[in-house]
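Have a look below at one chain only, the form predicted alone, in structure tokens format.
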């Protein structure tokens, strides 16, 4: 799709009639490229920590992103609405997201003492709306969206628009009666998946779609849309052979061999005999413990205690299951989502007081507790399931042991698949085997999340009583999905992805103006008239044009043009006019511009966009 909106006339504005406060220096707290450049180029201005003014250039770019979002959402069958910022706090209590979000929720109390929140997302509000508006399955499927300001009370706002307290977001919510088939959740999800690909492609972004965890939103499945850039705050793991990609929290690991009989080169090197107990007080982390025991962290076992919180959607654990021990190698991290999947049970990190009362010496737990603590399931990562001699906790405060061997210490319990299971339960790392291509290994990349889509299921409709009559006149909970795009974050992520030492390099589709016409002599009537004619001709093709009519030195104007990142610059000056043309310079090319004849100037600009 072309970057220009050729169905309508473009805008023509003058620099002297708008507000573009460019600066040589960035704010002292600006560290990331987008924060530095958007501040210096006059797009944003800090009001308070994590709160920014969007100046005219930013608002134009945001408007173009929002236009693309609306066009693709509407084409996918979604309908736009607008909900209030203030959300009654009881909505969050119904879904328990007051606990999930915690201090990230901005809380507001009115003069009558009623508590509300400034919405970070609007699942509860939209659920309450639909609950009061539809009664029959015949009114579904339904997909509603809005573009609105959202709020998160970040403890440490940073990186400008990438991690702020007030931001612009598009959030959409689908409502269906079933998962599979026409009109089902999967169909809605796939439509949003395709729409998001179209949106970010049209915005000119280089992005990767990755499998992701659902986080505080909840739900069964989700994908993130990540802008690829070296300065990204998130790590993505990719399989170069299959194209599989996922974030660290979600990434699967390919098959790994394991055996409780066979030693591995990463195991501890102690000889035969039983375990040896060591006094290890006041050591804050596994690295310090490993140093005292004279082993490497990879030669230790780390056992994390989780509590079972009820059956997962696709699991049927024993009703007596209370505790889950997740054992990984000492240099690895247990993954809560994978623990949930492997156990078939909703889980949470154990409450320390309750765990200690059950006999777990938190910080010193060993896998042996699976044999002595009733209602305990032991999950072991394959990298930890070897016949080596390991160092591990001693199940006693301030003590560890060395020379732990699975078969010697655990005996027959290892064969009890109701109590012990070997499964992928850790965060993936670069170099791990790919889950999609045998022989390939995962590679790391960096990215910035700009979109996230979720299959929510009935999490919110169950909590808030959103039911409708089905075709058998039976009341059933409505199945939901939600789909978010960080609009202001997309603008910042684009700058992180596309800039150079001189400034921003905007994709034409979301540049605030497509063409900058620079007047070297703005007070020259003929030059000014020519600039206006060129601008009007470009606007007739849908191009947005800014005329730099400031009384400034040429060097200042050229530096500002590069800093702001206009895709094309035309310069009206006597030297080029003497050759019957104007100077043409595309922002994405290096070096000086070239003279194009006046009759060819408009075509040259359009061809470059």
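None of the values given here were measured: they were computed from a predicted structure. Positions refer to the first chain, counted from 1.
Keep in mind that the form predicted together with the RNA is missing from the display, and what follows is about it.
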item: Segment that reaches the RNA in the predicted bound form - one of 505-513, 356-364, 444-452, 403-411, heavy atoms within 4.5 Å; value: 444-452
item: Close approach of residue 571 to the RNA in the predicted bound form, 4.5 Å, heavy atom; value: yes
item: Partner proximity in the predicted bound form: residue 56 to the RNA, non-hydrogen atom cutoff 4.5 Å; value: no
item: Residue contact check: residue 489 to the RNA in the predicted bound form, 4.5 Å heavy atom; value: yes
item: Interface membership of residue 62, the RNA in the predicted bound form, 4.5 Å heavy atom rule; value: no
item: In the predicted bound form, the one of 157, 457, 387, 297 near the RNA [non-hydrogen atom within 4.5 angstroms]; value: 157
item: Residue among 106, 137, 89, 167 with a heavy atom within 4.5 Å of the RNA in the predicted bound form; value: 167
item: Heavy atom of each of 131, 338 and 341 within 4.5 Å of the RNA in the predicted bound form; value: no
item: In the predicted bound form: members of 551-575 within 4.5 Å of the RNA, any heavy atom; value: 552, 553, 554, 555, 556, 558, 559, 560, 562, 563, 569, 571, 573, 574, 575
